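Next up: a single chain in structure tokens, the form predicted alone.
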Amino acid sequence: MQVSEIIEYPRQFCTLAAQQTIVAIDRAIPILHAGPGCSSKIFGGASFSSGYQGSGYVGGSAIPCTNTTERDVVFGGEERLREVIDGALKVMDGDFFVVLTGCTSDIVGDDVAQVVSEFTNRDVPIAYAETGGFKGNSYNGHELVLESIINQTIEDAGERIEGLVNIWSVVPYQDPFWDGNLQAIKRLLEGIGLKANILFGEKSGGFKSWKQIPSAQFNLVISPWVGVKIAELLESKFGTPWLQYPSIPIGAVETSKFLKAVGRFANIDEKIVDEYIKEQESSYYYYLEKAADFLLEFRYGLPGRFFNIADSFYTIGISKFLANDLSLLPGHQFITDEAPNEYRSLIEEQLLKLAPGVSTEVSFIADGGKIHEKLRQYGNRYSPLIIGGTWDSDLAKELDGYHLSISLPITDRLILNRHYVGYDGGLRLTEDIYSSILQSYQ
């Protein structure tokens, strides 16, 4: 038997990591029809190694699971799934249940749809998604479960709410800063008079916010590719228009562009948008000017080039911020989310026009070993700033460079509600980068 491919330092998980998407919905409960160990390993990697985020309402060891064994493979696991769903509905206090399948049940061919249909007459909504790990990665699993929830549980009540916007952006837990980022997006949109329908995290409203999806004025995709399929699905089902902004807006330059683009699409009075931008930029540049002496005259050494090792969402956003707002020069960028081929030209286009006269090369590569090998070819002539995961910290030391963890795995930072979106997010990222640089001189 030939092993097709082995990679080092993986930065994502299998499709079943969609369990963390469910955990991120307030009072939603995932039920796994998978082998023992699958759920706990995903929790350990995607949650605990994502800045030490914990179980939440029903995550970690609280997730119900069939723990399928050889017997279920030979004779089928439908009866076991039926028992676990029935027990979970009786003893677990949730507003919404989602059954997720693992590799064994998808290979054996358990009729999960039939089993779940036997419970749809209970008082609580329930859905299912076939998320066998061989179907893709964390990002694919996230989209699979969103499609399933929308197709199986969301109905159009015929109401439309002016100014309500569904947000499709970060992948919870795969983005360690997902909770804070979503709240920051919400505040930005509220600043220009819109109401963001945030579907995950703090004060999102749980399943109630999901039932409002068909009532939105439009869908907003803030990502180069994750969420596009969902926006297309909602347009076909409910006729909802959608807008895509392909990068996370960080700092004044990109955030102001983002707000103007959203304002135009939503037909908001230009004066309202401009006044909000003026107010936010005034505060942003006040703090940046206070740091100008340090940023311009730092005598120990600034990074010669920055290198992102992250998904396309962060790589584009951080690269634009560093090139435009902090005038740092890009090195090679490494995108690790295995973005589908049809979206790669858009990603490359974004990185080719970071700022006037500033572009960067990009590689789509998930193998951390190959990324490190390529970075070693640059040597230490650049004093590289490596923005990646904790796994990249030793390489930064080896190359006499600097390092900041912003992508999985992160075990050298505790993350609560920190975020990098918007004007405040740009200031936070500036603090974090230069604090990391300063620590290397202590």
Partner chain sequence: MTINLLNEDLQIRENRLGSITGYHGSAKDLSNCSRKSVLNDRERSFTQCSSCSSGTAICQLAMIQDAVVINHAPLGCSGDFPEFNFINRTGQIKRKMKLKNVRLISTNLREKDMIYGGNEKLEKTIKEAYERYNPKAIFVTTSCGSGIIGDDVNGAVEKAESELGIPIVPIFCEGFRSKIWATGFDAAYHGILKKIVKPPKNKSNNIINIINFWGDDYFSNLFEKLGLIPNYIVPFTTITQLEKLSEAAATIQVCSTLGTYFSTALEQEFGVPEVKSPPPYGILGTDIWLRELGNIVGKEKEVEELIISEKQRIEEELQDLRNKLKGKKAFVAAGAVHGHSIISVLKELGIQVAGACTWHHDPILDNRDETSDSLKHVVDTYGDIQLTVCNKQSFEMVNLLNRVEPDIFIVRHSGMSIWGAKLGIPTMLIGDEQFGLGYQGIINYGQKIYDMITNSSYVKNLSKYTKLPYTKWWLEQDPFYFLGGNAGE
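Numbering follows the first chain given and starts at 1. Note that the coordinates shown come from a computational prediction; the quantities given were computed from them, not determined experimentally.
Missing here is the form predicted together with the partner chain; even so, the following discussion is about that form.
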Heavy atom of residue 275 within 4.5 Å of the partner chain in the model of the complex: no
If you check in the model of the complex, is residue 7 within 4.5 Å of the partner chain, heavy atoms only? yes
Decide whether residue 271 counts as a contact residue for the partner chain in the model of the complex under a heavy atom distance cut-off of 4.5 Å. no
May I ask you to state whether residue 167 is within 4.5 Å of the partner chain in the model of the complex, using heavy atom distances? no
Pick from 104 to 112, 315 to 323, 251 to 259, 171 to 179: which stretch has a heavy atom within 4.5 Å of the partner chain in the model of the complex? 104 to 112
Looking at the partner chain in the model of the complex, do all three of 62, 87 and 369 come within 4.5 Å of it through at least one heavy atom? yes
The partner chain isn't shown here, but in the model of the complex which of 404, 415, 58, 399 has a heavy atom within 4.5 Å of it? 58
Members of 8 to 40 lying within 4.5 angstroms of the partner chain, judged by heavy atom, in the model of the complex: 8, 9, 10, 12, 13, 14, 36, 37, 39, 40
